[in-house]
Ligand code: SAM
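Only one chain is given next, in structure tokens, and it is the form predicted alone.
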Amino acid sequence: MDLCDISEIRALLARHGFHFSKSLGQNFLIESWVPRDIAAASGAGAGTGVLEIGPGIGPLTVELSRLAGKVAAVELDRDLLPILGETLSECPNVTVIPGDVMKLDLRALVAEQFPGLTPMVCANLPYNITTPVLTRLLDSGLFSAVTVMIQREVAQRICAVPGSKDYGAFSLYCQYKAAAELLFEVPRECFLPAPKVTSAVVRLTPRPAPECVHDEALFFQAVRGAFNQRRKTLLNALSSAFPLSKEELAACISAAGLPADVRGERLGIPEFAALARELGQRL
């Protein structure tokens, strides 16, 4: 069965009486190059165990099963389970796990499903859960790589550089946790039904916390403070985030080697790290 052939997809869904759910962000792939290229980009191999989130009817799952030692696919929509039972019947190294990835014990899942394998993530994520899922995956510290197809605008935000229009607190968070690469775009016409936006594939390779950051909690407090009011100068934005006078905050900004009128959106990880050190000395 060609899981990207639109006529075969329609016949498969009709056999099982399946209807798309807008609330679950369901858009199935209809171009075979997309799951093939995503699986190849993931770095999956015989020594890896791949966690897939939201397999749909399984086109990416099948491609991953050809590369990886084991695939564990977490599916929230129970109406898709009998469909996956049919489409993955010839993939003995795939286990479908019913449930919500935001509620599952990831450490237990990895230990149970991937003994002796290097865990990684590869998925076509529903747009509406991209940020919380990526945050949970990166915070877990369990995976050697996270390769996902997401909304292009979010992918651009993840990979944005300081001073660009897409740069924000989530950019800093992702780049603090991992090396981020935008790999390729996927047109909306590659899906059934077609979404309203273009998608993109991004790969996040987790890495140790930057050595320049001495207090992670204080670092991210400074980041959140700066971007909660990103149109304001850093001095004015931080006034709402820290119990320090403007004079003390101005002294911190100066001691960190930053211009007095700088905005948070101009700062990268080293600049926020320097600022957090100065704030820590005065708090």
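Bear in mind that the values here come from a model prediction, so they are computed numbers and not experimental data. The first residue of the shown sequence is 1; numbering continues from there.
FYI, the form predicted in complex with the named molecule isn't displayed, but the following is about it.
**Student:** Pick the stretch from 140 to 148, 157 to 165, 119 to 127, 181 to 189 whose residues have a heavy atom within 4.5 Å of the named molecule in the model of the complex.
**Tutor:** That would be stretch 119 to 127.
**Student:** Counting non-hydrogen atoms within 4.5 angstroms of the named molecule in the model of the complex, say which of 28, 220, 227, 242 makes the cut.
**Tutor:** Contact check passes for 28.
**Student:** Identify, from the list 200, 76, 110, 91, the residue with a heavy atom within 4.5 Å of the named molecule in the model of the complex.
**Tutor:** Going through each option in turn, the one that passes is 76.
**Student:** Contact check in the model of the complex: 234, 257 and 267 versus the named molecule, with a cutoff of 4.5 Å between any heavy atoms. Do all three pass?
**Tutor:** No, none of 234, 257 and 267 comes within 4.5 Å of the named molecule in the model of the complex.
**Student:** Please determine whether residue 59 contacts the named molecule in the model of the complex, using a 4.5 Å cut-off between heavy atoms.
**Tutor:** Flag for residue 59 set to yes.
**Student:** Is there a heavy atom of residue 55 lying 4.5 Å or less from a heavy atom of the named molecule in the model of the complex?
**Tutor:** Because a heavy atom of residue 55 falls inside 4.5 Å of the named molecule in the model of the complex, the answer is yes.
**Student:** Heavy atom to heavy atom, is residue 86 within 4.5 Å of the named molecule in the model of the complex?
**Tutor:** It does not: once the named molecule is placed as it appears in the model of the complex, residue 86 has no heavy atom within 4.5 Å of it.
**Student:** With the partner left out of view, is residue 132 within 4.5 angstroms of the named molecule in the model of the complex by any non-hydrogen atom?
**Tutor:** Residue 132: no, not in contact with the named molecule in the model of the complex.
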